[in-house]
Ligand SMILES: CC(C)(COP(=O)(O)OP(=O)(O)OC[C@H]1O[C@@H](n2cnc3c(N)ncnc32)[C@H](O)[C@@H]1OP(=O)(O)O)[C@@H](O)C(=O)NCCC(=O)NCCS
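We begin with a single chain expressed as structure tokens, specifically the form predicted on its own.
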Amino acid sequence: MNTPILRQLDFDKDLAAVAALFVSEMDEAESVESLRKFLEEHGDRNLGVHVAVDEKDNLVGFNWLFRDKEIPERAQAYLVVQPECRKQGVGRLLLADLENAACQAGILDVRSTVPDKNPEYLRFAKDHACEVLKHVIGMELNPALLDLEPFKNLVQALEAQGFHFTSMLALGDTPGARENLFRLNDTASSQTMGSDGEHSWTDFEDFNQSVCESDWYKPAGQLVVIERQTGRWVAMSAITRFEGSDYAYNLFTGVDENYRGRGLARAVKALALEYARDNLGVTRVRTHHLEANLPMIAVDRHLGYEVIPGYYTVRKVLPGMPGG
């Protein structure tokens, strides 16, 4: 292949091929519509999407850089090359272009996800001065094979102890309920074993827009546990089916650390899986966990999940940052 040409993303011409690469190489359930919506809604953070094309204008790879919503000097990056076009200099060309765009935007810290299913991905990252920050493993389950009876007994036992199992749909998906859901998500995710304690959303408005107002948000798939005596939201499990995906995705299961060790995670996650089995029309449910989050991995193994490929989060420090 001749040296590819780099150009700006053409929405109408390139977005379908970019979405296909997200699905096939990054295992992310992106569609043309979801990518277009993200680019339109977060244009202020988008620092450029460039595609590499061959002499016939066929897409052979792309890079994408967008600024972190909380830390202006940090950016998230994607760099993907068609499998048949690798080891021909396409990745190096896209990486040099991405780093140039980052430097021009004042970015000092670039982070990216690297699938672990092929050692070449991580080798490329390490060869270009990237350090590994964390490893996330994938897990998958056929919900039709799940025996829910023991978990229903567990739910009943926990109900008798004063816990109420419900959903955002049953609670009316009201603004007040959404605020409680935000606080529980924010607390439980920052307490996750192996996490760096960072928060996923800047505030409730950010959570409401990026989660509750998204196309994939299903109130019936947002299962929560409330302590009756105090009214405190103590556990949750969120599940959905992304557009264009043939599997359901368990986005997050979390328990306030003050209520762990009682079986709440197993119980609420089993209800989420039951919802997926009966309402989402899937035979597979996937999720991801930090490799260090051994308690939740144990919960999923107990439910019958099996390990599938995951990904690494890598970082490259650019000139101007301490250590760069």
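Heads up: residue numbers just count along the shown sequence, starting at 1. Remember, it's a predicted structure, so these values are computed and weren't measured experimentally.
Quick note: we don't show the form predicted together with the named molecule, though the next part is all about it.
- Note that among 66-74, 265-273, 278-286, 46-54, the stretch whose heavy atoms approach the named molecule to within 4.5 Å in the model of the complex is 265-273.
- Using a 4.5 Å cutoff between non-hydrogen atoms, residue 299 counts as a contact of the named molecule in the model of the complex.
- At a distance threshold of 4.5 angstroms between non-hydrogen atoms, residue 201 is out of contact with the named molecule in the model of the complex.
- Not displayed here, the named molecule is approached by residue 293 to within 4.5 Å at the level of heavy atoms in the model of the complex.
- Mapping the unseen interface onto this chain, residue 216 falls outside it, with no heavy atom inside 4.5 Å of the named molecule in the model of the complex.
- This chain appears without its partner; in the model of the complex, the one residue of 191, 174, 142, 104 with a heavy atom within 4.5 Å of the named molecule is 191.
- Heavy atoms closer than or equal to 4.5 Å to the named molecule in the model of the complex belong, across 37-63, to no residue whatsoever.
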